[in-house]
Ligand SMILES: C[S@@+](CC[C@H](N)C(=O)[O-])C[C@H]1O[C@@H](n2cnc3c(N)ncnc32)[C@H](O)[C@@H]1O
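First comes one chain, alone, set out as structure tokens in the form predicted on its own.
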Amino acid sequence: MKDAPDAILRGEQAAYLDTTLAARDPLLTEMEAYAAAHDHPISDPEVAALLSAVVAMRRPSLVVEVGTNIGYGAIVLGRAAPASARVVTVEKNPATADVARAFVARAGLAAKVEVVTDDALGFLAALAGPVDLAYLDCIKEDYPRYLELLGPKLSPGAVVLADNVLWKGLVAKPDAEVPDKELPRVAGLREFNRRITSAPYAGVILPIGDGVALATRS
């Protein structure tokens, strides 16, 4: 989720694109308000729309989300995936995971979406594939490692999406203009962006939300 309005697009462009979004779902709208009130970073509505469209096109059997938070992305993924699909999502904080499970249950997806309480790297190391679609929205400096762990477990033609890959536009700035505390995140995201747009991935960086990577793996 952007921490400032429209950090990437120009204001008028973002305002126009907002008008193209479907009517807001009541549960997702409630979750957006909850996230704002409790300082939980979640995907932007336009990113949720992209996730829904890509999942509907790919029709994955196994979806993996790295970074559950309160379950916003997991619900979007679960709703868009085929009825027979599984969505497995990981959240390190037990209390936050419980909030996510409650929202998932309210969405009627408790049988389809599994919220795992674990460290993301450990979860991915132990994960059994094949994974048809993965969505990354977790610790930004760890994105390259997430991709390393996921790579061998992806099915042919699998799709990988990742949020916040432009990180408030900082990835495009010279290091001298990047705050010191952001340098590890920026370095990790630059490396991830390089990998996700290079073989064996065919990827693109989309300037929506806070930047979204979309790629397929051959």
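A residue's number is simply how far along the shown sequence it sits, counting from 1. Every value quoted in this text rests on a predicted model; they were computed, and no experiment measured them.
The form predicted together with this ligand exists for this protein as well; it is not shown, and the discussion that follows is about that form.
In the model of the complex, does residue 73 have a heavy atom within 4.5 Å of this ligand?
-> So residue 73 counts as contacting this ligand.
Residue 67: touches this ligand in the model of the complex, heavy atom cutoff 4.5 angstroms | Yes - in the model of the complex, heavy atoms of residue 67 and this ligand come within 4.5 Å of each other.
Answer for residue 134 alone: is it within 4.5 Å of this ligand in the model of the complex, judged on heavy atom distances?
-> Contact check for residue 134: no, nothing within 4.5 Å of this ligand in the model of the complex.
Partner proximity in the model of the complex: residue 98 to this ligand, non-hydrogen atom cutoff 4.5 Å | Judged by the heavy-atom cut-off of 4.5 Å, residue 98 is well away from this ligand in the model of the complex.
Could you work out which of 63, 166, 162, 42 is the residue within 4.5 angstroms of this ligand in the model of the complex, going by heavy atoms?
-> Checking each option against this ligand in the model of the complex, the one that comes within 4.5 Å is 42.
Considering this ligand in the model of the complex, which of 92, 112, 145, 79 comes within 4.5 Å of it through any heavy atom?
-> Here the answer is residue option 92.
Partner-proximal stretch of 113-121, 126-134, 79-87, 100-108 relative to this ligand in the model of the complex, 4.5 angstroms, heavy atom = It is the stretch 113-121.
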